[in-house]
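Take a look at this one chain, the form predicted on its own, written out in structure tokens.
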Amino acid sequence: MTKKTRKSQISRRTFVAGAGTAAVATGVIGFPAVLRAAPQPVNLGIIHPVTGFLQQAGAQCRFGAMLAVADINADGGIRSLDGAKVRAQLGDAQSKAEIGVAEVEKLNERGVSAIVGCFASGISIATTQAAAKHGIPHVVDVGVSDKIVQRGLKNTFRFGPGFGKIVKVGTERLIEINEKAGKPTKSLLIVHENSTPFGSGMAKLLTKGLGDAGFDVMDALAHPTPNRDFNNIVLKIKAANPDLVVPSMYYNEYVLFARTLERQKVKPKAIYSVLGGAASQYKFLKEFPTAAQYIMDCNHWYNPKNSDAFRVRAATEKAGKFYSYEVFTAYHAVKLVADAIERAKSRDRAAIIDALASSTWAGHFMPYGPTKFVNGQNQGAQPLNTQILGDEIEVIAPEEYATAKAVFPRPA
């Protein structure tokens, strides 16, 4: 035996002896750790309407969800599952509830541990029901219909606020803003889409809420989605001459409506939205700054005092995307699920549902406080009020989150 061969054997024996001690400490017995198989990924279903009339919003949601997946994996994955990565299983609801249900069935066959989605209320109502049949935890990112969390589905969770809370807050803050300005507005007219539960449901709640608050609700004008022409509706507004116009519609229609008001030189004292489809969207502000100026919204919005919100904004804009509420609501829905999986220490659906139900997650940048679910609804979730001022969307209420004072009524 040569000296070289003997040295090699001694080194090998020394390594094996040392490895035995290391194996006891780590719980891993075998040859070098670098050769160990990586843990199986955690499959997460992500469904959004990335085609059809809701495709713009759906694409923004998908981007936010995938950004969260990337952040989770870059931060070490699910540590309680040996660093397992989150693997997105994508579905396209095609802006139709029945297609969303079909996507849930496909994801169930792929063995997803949970589902995030699906932007629109109508789609979310259908997909949460379908997921419940298979015991799949489903976190809703944007859908605001309260029916989503009022059916007793144990698998369904919504991190953000719903219709009832948003309309209540939106009404209270409009009253406050109006009173602070000396009550310059008394009459209003609602314009809403009526093709989905979003617009129709919102119109009913706004009519009652604002009417009970003492405003003269002159009319509620409905339109289909999609809609290509708002001239007749704007002519009716011009004839009625309300102090306030309250639009409730999706992005494309909202932009066209605002531009039609501008073209026909209809200038109410204020445009005040509750869940306005474009009222707090940087895309709208950039492309049509004059039509967008001074528009107010009560909507999903991030805590402007939290620096992490601006890290995500920078990553969004670096990717050539607009930082919209679809991005950060979907981002948080995925992060919430990941936190539940981390605490459940399991890919098991039932265990994840239990972890979500007991969540006290505070690692977000929304103005909510620690998560607390009651019947699937996060109790601390609240909207913020924003206004487009200059080249920025500012928070104007409540005071603890405000970055600017409201301009109300808007300049003539």
Partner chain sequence: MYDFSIILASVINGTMTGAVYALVALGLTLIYGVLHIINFAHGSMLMVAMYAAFFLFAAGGIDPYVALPLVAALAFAFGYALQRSVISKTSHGRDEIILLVTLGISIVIENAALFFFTSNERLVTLPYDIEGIDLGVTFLVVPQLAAFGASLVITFLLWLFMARTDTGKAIRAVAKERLGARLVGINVDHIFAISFGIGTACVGAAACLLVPTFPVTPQIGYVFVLIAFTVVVLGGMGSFVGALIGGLIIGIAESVGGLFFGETLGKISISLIFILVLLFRPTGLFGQRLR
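Treat the numbers as computed from the prediction; the structure is a model and nothing was measured. Positions refer to the first chain, counted from 1. Between two forms, the rigid core is defined as the largest C-alpha subset superposing within 1.5 Å.
Heads up, the form predicted in complex with its partner chain isn't pictured, but that's what we're talking about next.
*Asks:* Mark Lys265 yes when one of its heavy atoms lies within 4.5 Å of a heavy atom of its partner chain in the predicted bound form, and no otherwise.
*Replies:* The answer is yes: Lys265 has a heavy atom within 4.5 Å of its partner chain.
*Asks:* Could you tell me if Tyr282 has a non-hydrogen atom within 4.5 Å of its partner chain in the predicted bound form?
*Replies:* No.
*Asks:* How about Asp212: is it within 4.5 Å of its partner chain in the predicted bound form, going by heavy atoms?
*Replies:* Asp212: no contact with its partner chain in the predicted bound form.
*Asks:* Taking 4.5 angstroms as the cut-off for heavy atoms, does Ile177 touch its partner chain in the predicted bound form?
*Replies:* No, no contact at 4.5 Å.
*Asks:* Any chance Gln55, Asn227 and Glu287 all have a heavy atom within 4.5 Å of its partner chain in the predicted bound form?
*Replies:* Yes, each of Gln55, Asn227 and Glu287 comes within 4.5 Å of its partner chain in the predicted bound form.
*Asks:* With its partner chain left out of view, which of Ala315, Leu81, Val217, Ala222 would have a heavy atom within 4.5 Å of it in the predicted bound form?
*Replies:* Among Ala315, Leu81, Val217, Ala222, a heavy atom within 4.5 Å of its partner chain in the predicted bound form occurs only for Ala222.
*Asks:* So which of Ala381, Ala351, Val69, Ala59 gets a non-hydrogen atom within 4.5 Å of its partner chain in the predicted bound form?
*Replies:* Answer to the contact question: Ala59.
*Asks:* Choose one stretch from 330 to 338, 182 to 190, 233 to 241, 294 to 302: the one whose residues place a heavy atom within 4.5 angstroms of its partner chain in the predicted bound form.
*Replies:* Stretch with heavy atoms near the partner: 233 to 241.
*Asks:* Since the partner is left out here, which residues of 171 to 208 would have a heavy atom within 4.5 Å of its partner chain in the predicted bound form?
*Replies:* Sequence-ordered list has one entry, Asn194.
*Asks:* If I superpose the two forms on their rigid core, does the C-alpha of Phe365 end up displaced by 2 Å or more between the shown form and the other one?
*Replies:* Moves: no, less than 2 Å.
*Asks:* Superposing on the rigid core, I want to see if Thr51 changes position between the shown form and the other one - specifically a Cα shift of 2 Å or more.
*Replies:* Yes; that C-alpha moves by at least 2 Å between the shown form and the other one.
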